[in-house]
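The chain below stands alone and is given as structure tokens, in the form predicted on its own.
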Amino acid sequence: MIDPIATLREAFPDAVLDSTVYRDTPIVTIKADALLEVGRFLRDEPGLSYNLLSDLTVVDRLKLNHGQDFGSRFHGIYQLRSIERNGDLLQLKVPLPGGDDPVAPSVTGIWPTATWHEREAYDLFGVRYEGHPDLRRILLPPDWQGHPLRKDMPLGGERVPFSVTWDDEEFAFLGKQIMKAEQRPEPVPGRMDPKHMIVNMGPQHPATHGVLRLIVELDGERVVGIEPDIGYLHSGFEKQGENVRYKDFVYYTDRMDYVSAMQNNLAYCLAVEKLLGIEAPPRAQGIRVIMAELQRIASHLVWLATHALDVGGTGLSLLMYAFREREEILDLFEMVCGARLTTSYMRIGGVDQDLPPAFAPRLRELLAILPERFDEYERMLSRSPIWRHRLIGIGKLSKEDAIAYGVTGPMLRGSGVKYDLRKAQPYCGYDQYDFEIPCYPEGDSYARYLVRMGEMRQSVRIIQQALDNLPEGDHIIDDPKIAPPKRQLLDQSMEALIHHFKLFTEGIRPPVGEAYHGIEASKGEMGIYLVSDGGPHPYRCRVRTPSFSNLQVIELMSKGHLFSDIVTIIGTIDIVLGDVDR
């Protein structure tokens, strides 16, 4: 296997500033003026083929006292994967010139998925990307002052009135039946032709599955262009993550993809564990697999129910059937942690509690009926003329475009790319399970439907194996500096009591370093990038969500289709706006 660090040093001896391997991840620091040349080389060189830009973000080193800054306050961070080499990860680090007004060359010409990632970095850090086709804010309003993820921007301080008086304008029409509506002209995106009809879809449209606004350019009923307007649900999770202790951010992750809370928990805990250089005990890993796959099924059931309701045909009937099975899964979640939606069950080093005695029998009952329920769904849909007409040939996405735009998960596999991090980069012992990766080459909405139906069947297969082979032992790591001591020890050991007190008052302190870890969540790659300065909370907490990258291709998938097909295409992408906006 080719060593990417040695290859880069040989090809670009003057461009490479530094290189290291940390927690098995090659990290190469290069000069900003060589970024485009190095990027094309990494993408196109046989044997390297880093064709998937998983993530792009920035670190503000203003208060970071370790490592070399190479004279730059801001460093660009690029997480590159090679699909041909089973998702091998390479991190590029680029010190950005410009001081407090950083500048970087845009890599949109190499990896088009960078279009939204660079806009996000411009929005939240103020990095100007030269050569970007449309550099403007993406999550915050255009008139927002400052860049909130900079270290000199405090947590909070938003322009929110916490007190009002009767002199405020909002009370001027109090008690009157008709209120004066303030009409402000909305700017039309510059690339849209005013001779076409331009309409708003959302942000309150029921088929947008949340506060997503689409500005749609139409020629008659044919889609010419779409401009997604996101950020209505922007919650500042990354800023919050940098201001709470490591263990406390688990609870925030539930609120991102809020129908995949267990998987969000898992991605974050694995990233912290990578930073710490630890692994959860075997029993904890088996439990994590069970919960992650149950969550995958529950998430796909929400997708199937709402997608069928949006598209028509079986409509409300299938929604009720799919939610019936989802409720069974949420019952199991409630059994292990007391919560159904925002579970917060995973912990750094394991899981919060062991499985109760009633869990396994109840789970086996569910596993026994799920395959026949999936058969029932497919009998309702697969040969339905309405379903097939609305999905087949709609929203086509080639495998080349899917990779270029950083699309992952069922969307990527529905375009014929057999790539799944559970197989490519196994975690939690997934390499010990026998399962298939559903993959279809057509690249349309029907292919993505088949992928997700196949994934639910494979998840049942994985859960059955995990349950049958669940090892005995601890459900969380036995290290009092990372996980609380066992309850019975607190009555017997002063040392255990002190560890418990210090853990909950001071938190854990990972060693100085940085780590990125991605998992195969229900919608694609869910990745967490953490930078530790040795303190009790992350110096940088970056969340790479699949919905953000996947939504970017909606215009590519919609052009030439009817306006009504946008509903199908939104459904087939399977977005959650908390996952998009964070």
Partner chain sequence: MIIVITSVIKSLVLILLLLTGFAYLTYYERKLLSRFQVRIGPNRAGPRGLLQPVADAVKAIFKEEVVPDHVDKVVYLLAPALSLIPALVAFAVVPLAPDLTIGNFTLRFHIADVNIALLYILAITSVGTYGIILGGWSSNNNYSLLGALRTASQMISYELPMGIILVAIILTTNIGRETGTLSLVEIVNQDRPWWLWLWLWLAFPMFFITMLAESNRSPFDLPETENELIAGFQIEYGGIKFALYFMAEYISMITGSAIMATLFFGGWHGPFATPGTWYGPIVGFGWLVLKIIVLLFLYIWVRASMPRIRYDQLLQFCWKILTPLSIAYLILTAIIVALAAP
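Since the model is a prediction, treat every value here as computed from it, not as a measurement. Positions refer to the first chain, counted from 1.
One more form of this protein should be noted, the form predicted together with the partner chain, which is absent from this view; the next part is about it.
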Exercise for review: Using a 4.5 Å heavy atom cut-off, state whether R362 contacts the partner chain in the model of the complex.
Suggested key: no
Practice item. Please check if H205 has a heavy atom lying within 4.5 Å of any heavy atom of the partner chain in the model of the complex. Key: yes
Practice item. Decide whether T20 counts as a contact residue for the partner chain in the model of the complex under a heavy atom distance cut-off of 4.5 Å. Key: no
**Study point:** 4.5 Å heavy atom contact, E221 to the partner chain in the model of the complex
**Key:** yes
Point to revise | Heavy atom contact within 4.5 Å of the partner chain in the model of the complex, the stretch among 428 to 436, 121 to 129, 269 to 277, 196 to 204 | key: 196 to 204
Point to revise | Sole residue of C337, A404, M380, L450 within 4.5 Å of the partner chain in the model of the complex, by heavy atom | key: M380
Study note, to complete from the structure: Checked I290, I394, I77, L212 for heavy atoms within 4.5 Å of the partner chain in the model of the complex; positive is I394
**Study point:** L316, M320 and R324 all contacting the partner chain in the model of the complex, non-hydrogen atom within 4.5 Å
**Key:** yes
**Study point:** Residues of 546 to 582 having any heavy atom within 4.5 Å of the partner chain in the model of the complex, listed in sequence order
**Key:** L562, F563, S564, D565, V567
